[in-house]
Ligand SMILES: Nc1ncnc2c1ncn2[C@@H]1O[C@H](COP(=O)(O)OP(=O)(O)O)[C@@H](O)[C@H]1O
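Before any questions on how it binds or moves, here is one chain, the form predicted alone, in structure tokens.
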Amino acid sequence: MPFTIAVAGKGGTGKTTLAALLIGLLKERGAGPVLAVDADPNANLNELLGLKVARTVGELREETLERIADLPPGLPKEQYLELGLQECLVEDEGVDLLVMGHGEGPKCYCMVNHILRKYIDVLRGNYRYVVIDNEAGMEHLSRRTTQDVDALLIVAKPEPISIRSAKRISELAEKLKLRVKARYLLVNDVPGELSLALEEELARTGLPLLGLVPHDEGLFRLALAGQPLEGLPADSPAKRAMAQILEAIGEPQRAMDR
């Protein structure tokens, strides 16, 4: 099984940017193949990775339900969905991307979701790492879409409300008994030294603090220009911080490889 990292957090914390930085670092180090999963309905991970998406899993699910009565005789639904899932996969050197797309509507998705989960699990087995950019907030946790995760990185901004939100996300993951081996706190866009009050707030989360990612003007300039993160220089403060974080959570994978 691959080593799976899921990134979660309240909207606006920069979780997608940090997920993209992790994916880019794994690619640079030749640690792949990596499967990147954009599980946020407001999907933009592909933009940060410089990849174009032709079809999402959500669109495949809707198309299947609309066409299910018109499928050619002898073509099993499982085969149709498996072929469609391959079309959803964006392949690149060292990294493949799967975009989940929009959530479910009022239709009955049980059969389709069951088949899709089955083949996504099979697909995951082809990779050494899986990095999941979860949707903002806690809805994905209540739907139990974050499962079989080695490291859940809960991202917060250096603000009391954001840190308390991270604590609630961790508590919900615990309450739902999700299959998450380790949960960590990661504070993003830190302008300087943390105040004593914020350090106390961090301690109250009960989460191990994996790292602080400093404010990075380079990230802001790339976002303004609409450019992927591969244009970020090697001395980028955020990139250096994420490299240290990857070292910290990469130890389990190296142990597995020995």
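Because the structure is predicted, anything quoted here is derived from the model rather than measured. Residue indices: 1-based, along the sequence shown.
Absent from the display: the form predicted together with this ligand. The rest refers to it.
Peer 1: If contact means any heavy atom within 4.5 Å, which of 53-61, 22-30, 194-202, 210-218 contacts this ligand in the predicted bound form?
Peer 2: Within 4.5 Å of the partner lies stretch 210-218.
Peer 1: Contact between A223 and this ligand in the predicted bound form at 4.5 Å, heavy atoms?
Peer 2: Contact check for A223: yes, within 4.5 Å of this ligand in the predicted bound form.
Peer 1: Is G14 close enough to this ligand in the predicted bound form to count, meaning some heavy atom within 4.5 Å?
Peer 2: Close contact exists here: in the predicted bound form, G14 approaches this ligand to within 4.5 Å, heavy atoms only.
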